[in-house]
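This document opens with one chain alone, in structure tokens, the form predicted on its own.
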């Protein structure tokens, strides 16, 4: 039995505090692109290693950097002057005996595939250059990994780190997450191709008033002129408002591209649908946490989960485990209104044996009557950790 502590939340519910702030960086945001390419590379490497070694081998490819290009967007279609450059870096075993493994080629192939599928107005041949910079890991960490992985034993934590999770989402958190997912859905894009993938949403609740500010890259070739831009922005504003209204009873205001200067025709249009073409750079770990949001009024880990190995890297698996634990406790125990979970590892120790698993709850009734149920769920989630890698390979968690 792990060291599981169950207690009562001592602070006011976030949704009942006077102010709440929530952010999400959408699919085409430069930081999200870096997270996505790092995680997709980790999945690809894991599959390669399973084919070659019969098990996932040591790798951490969680250090990606996007350097924005130079573009000249224009109504009815502009051009890219200098391409985006993306550096995929980290540690990965690149040979088996005397056989060289194609890890760098895999990095380029994986990046091109994701970009083509998710940023459709980006020409992967002319608009972006991928630089794979991957090297083998340090001898001690590789040995620590192989100590359990090739023997089929419980993985040993590769770091002393922590993970946190909470449930359920507040109204603002739900609106911010669901709104970005709706605006970036294939169904919406089919009807509104002028909406790019770079969509960043900030939700601010002041008492019972929610303000949603959306930065949305429009695709220039689908916008004829400033009048057409204004009309299309109004269509998206109304759609966003209809989504938000279904998710809360509070008053909601929607604002899109508030830096636009309509009179001077200086507005947020892009050639590719992402600010990475000219306006912004990106890096792994600067975007959404493992629950898809940035929540300064909630506990968060600063770990970059995307790209880390899915077997024993605590910065990845403890954050998703804490999230799963909190969600299960709220869903399965009627008396629990809210749950926060905290996990802390110790390097070299089994991942199923955290230094502490601290569960804080907001309950209706007597905590002692449900404590055993809570501890049972927590223990079950810890026991599942050795097989969590399967969820990552199946993209069960949305890390970008």
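Positions refer to the first chain, counted from 1. In this text, all values refer to a predicted model and were calculated from it rather than measured experimentally.
The next section is about a form of this same protein that is not shown, the form predicted in complex with a further copy of the same chain.
Problem - Distance check, residue 127 to a further copy of the same chain in the predicted bound form, heavy atom within 4.5 Å - result: Because a heavy atom of residue 127 falls inside 4.5 Å of a further copy of the same chain in the predicted bound form, the answer is yes.
Exercise for the section: Flag residue 152 as yes or no: does it have a non-hydrogen atom within 4.5 angstroms of any non-hydrogen atom of a further copy of the same chain in the predicted bound form? Expected result: Residue 152: no contact with a further copy of the same chain in the predicted bound form.
Exercise for the section: Indicate whether residue 262 is a 4.5 Å heavy atom neighbour of a further copy of the same chain in the predicted bound form. Expected result: No - in the predicted bound form, heavy atoms of residue 262 and a further copy of the same chain never come within 4.5 Å of each other.
Problem - Touches a further copy of the same chain in the predicted bound form: residue 253 (any heavy atom, 4.5 Å) - result: Judged by the heavy-atom cut-off of 4.5 Å, residue 253 is well away from a further copy of the same chain in the predicted bound form.
Handout entry: Residues 100, 283 and 342 all lining a further copy of the same chain in the predicted bound form, heavy atom within 4.5 Å
Key = Spot residues vs a further copy of the same chain: full contact, yes.
Problem - Contact segment among 55-63, 331-339, 370-378, 39-47, judged by heavy atoms lying within 4.5 Å of a further copy of the same chain in the predicted bound form - result: Flagged stretch: 55-63.
Exercise for the section: With a further copy of the same chain left out of view, choose which of 170, 121, 118, 161 has a non-hydrogen atom within 4.5 angstroms of it in the predicted bound form. Expected result: Residue within 4.5 Å of the partner: 161.
Practice task
Note which of 206, 249, 185, 242 lies within 4.5 Å of a further copy of the same chain in the predicted bound form, where distance is taken over heavy atoms; exactly one does.
Solution key: The residue from 206, 249, 185, 242 that makes the contact is 206.
Exercise for the section: Pull the contact list for 332-362: residues with a heavy atom within 4.5 Å of a further copy of the same chain in the predicted bound form, in sequence order. Expected result: 342, 344, 346, 347, 355, 356, 358, 360 sit within 4.5 Å of the partner.
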